[in-house]
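For this one, two forms of the same chain are given in structure tokens, first as structure 1 and then as structure 2.
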Structure 1
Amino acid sequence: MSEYAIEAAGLRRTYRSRTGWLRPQRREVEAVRGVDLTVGNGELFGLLGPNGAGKTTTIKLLNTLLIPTAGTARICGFDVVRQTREVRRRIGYVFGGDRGLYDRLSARDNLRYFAELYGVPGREQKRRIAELLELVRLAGRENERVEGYSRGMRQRLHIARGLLHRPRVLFLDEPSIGVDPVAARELRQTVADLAATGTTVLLTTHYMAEADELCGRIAVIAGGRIQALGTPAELRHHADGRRVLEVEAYGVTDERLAAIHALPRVREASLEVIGAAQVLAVQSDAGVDVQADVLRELDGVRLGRVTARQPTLEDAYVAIVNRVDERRSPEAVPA
């Protein structure tokens, strides 16, 4: 057995497109620009990155849905290009959203159907389905039609579907997208239970708290390259020596955010929408108080609480991604 569940070396993917009719021009965009990565057997590994960073493209290269332009990737020791069938026998893929289930069938019948597609022997199906329903906390609800399931229940059923053939590596591509907080907590517990069984999990997510809670190691991808890799505690060092001012606001425009980011003593500024409110996080050096300058830029905006706190993993992530954006000229990169 290979020492690593996932290996990638110099992985690249270039998209070619044509624009214009009278004078067509060919354009090449590198979505993934030389990714090097190793994930150990049984590891729960996080892959974080903004939209367009190359995150989903990397996942598709690793699970054989895309062919690399250059570089190599191996799953459980098998090459994703030359040994595609062997790779697919050893992986499961779960993506966020509602696609991939049959609403008019029960959860049990969905799993029976996919068990046939995955080639699970008939004599094993009943026991395997019962195990998975228990793992994803749907035991007792398995005979209900999926059309009556909540978003969180559907996502847990997606995970059960991806595990039917006992894959050694499971790719979870933003599984908690659009899921309410209670369902997201249940989903995180399901993923943690899954990793405890020895399955290697590669998780992509936009939720920093989710990655912080679940992942032993995290890679941040931006601009098609891995920009930082380590444990959540190690990644937080990217925001060491900083202070974070957090402002709850209602109606901060992109122009105001840009003006705050341009303030002389501000290192980073980001805006998150939580319900009806916006939460503005402004990073500065530890000994610098930018509160007065920030509030001056927010004159006329309705404000809520204003607090100072220590940096989190999300603050470190913002710092890493913003450094990449400052180095690059604007260009479109596929997801």
Structure 2
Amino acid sequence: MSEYAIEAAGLRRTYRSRTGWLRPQRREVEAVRGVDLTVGNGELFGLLGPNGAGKTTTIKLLNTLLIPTAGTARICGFDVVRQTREVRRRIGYVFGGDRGLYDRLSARDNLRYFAELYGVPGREQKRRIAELLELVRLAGRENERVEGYSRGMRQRLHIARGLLHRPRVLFLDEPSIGVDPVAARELRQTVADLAATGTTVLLTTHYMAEADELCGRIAVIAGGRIQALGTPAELRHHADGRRVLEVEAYGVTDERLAAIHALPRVREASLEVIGAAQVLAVQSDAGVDVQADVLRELDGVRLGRVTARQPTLEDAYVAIVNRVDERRSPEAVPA
């Protein structure tokens, strides 16, 4: 067996699409621009990044759904382009969202079909399916048609499907989308258990806490390149020497956010919507207090709690991703 579960070298992928029919226009998107990555056996590896960063594309390059434009990748030592079948035998793929299932069939029929397709031996199928239905808490409802399932139930069925053939490497692309907090916690437990028993997991998520809790190592990807890679503790160093001011607010506009970001001693500013409220996180150097300046910019906006705290993984992530944006913006503005 190969030393690494996942190896990628110089992985690139360009999408070419044609739009327009009478006057066709070619459009090219460089989604992944040179990703190098090695993930060891049994490792739980996280892939974080903003929308459109190239996470899904990277996963599809690794799980044989896309052929790379350049570069190579191996799964358990098998090349993803030349040894497709060997790779497919060893991988599971779960993506977020409610598509990808046969709606008019029951959960059991869905699993039966994919068990057959993914080569689970006939003798084992029944037991394996029952086991997985139990694991994702769908036992008892397995004979209902999937069209009547809630989003979270579909997502759990997706996960069961991905595990049918006991894959050695599991790709989870935003598996916790639409899953309620209790189920999300169970999902994290399931993923952690899988990793503990030797399954390699590559996970993408937009929930920092999830990545922080689960992942042994994390790569932050933006603009199709890996911008930072390390353990959660190592990544947190990107926000070292910073201090975070958190303001609960209602009705902060993009202009105000930009104005705050432009304040002289502010390093980062980001806005997150939590329920009805917005949470504004402003990073500054540890020694300075920007509270007065920030509150002046927020004049007229209804505010809630204002707190100062130590930086988290999320703050480090924001710092990394914004650094990329700043570096890229000069070229994005043509003369």
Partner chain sequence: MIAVGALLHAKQLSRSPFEIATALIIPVVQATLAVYLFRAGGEPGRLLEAAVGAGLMGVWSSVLFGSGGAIQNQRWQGTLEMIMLAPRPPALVVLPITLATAITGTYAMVATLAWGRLLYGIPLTFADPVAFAVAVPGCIVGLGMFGLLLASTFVLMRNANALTNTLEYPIWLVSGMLVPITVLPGWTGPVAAVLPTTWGARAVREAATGSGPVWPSLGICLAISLACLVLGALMMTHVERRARAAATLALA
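The first residue in the sequence of structure 1 is number 1, and each one after it adds one. Rigid core: the largest C-alpha set superposing within 1.5 Å between the two forms. Computed from a predicted structure; not experimentally measured.
Looking at the condition given, the form predicted on its own, one finds it describes the source of structure 1 alone.
After superposing the rigid core, the Cα of Ala286 is displaced by less than 2 Å between structure 1 and structure 2.
After superposition on the rigid core, the Cα of Glu131 moves by 2 Å or more between structure 1 and structure 2. Shown in the overlay between structure 1 and structure 2, fitted on the rigid core, is a CA shift at Thr231 smaller than 2 Å.
Relative to the superposed core, Val146 has its Cα moved 4.7 Å between structure 1 and structure 2.
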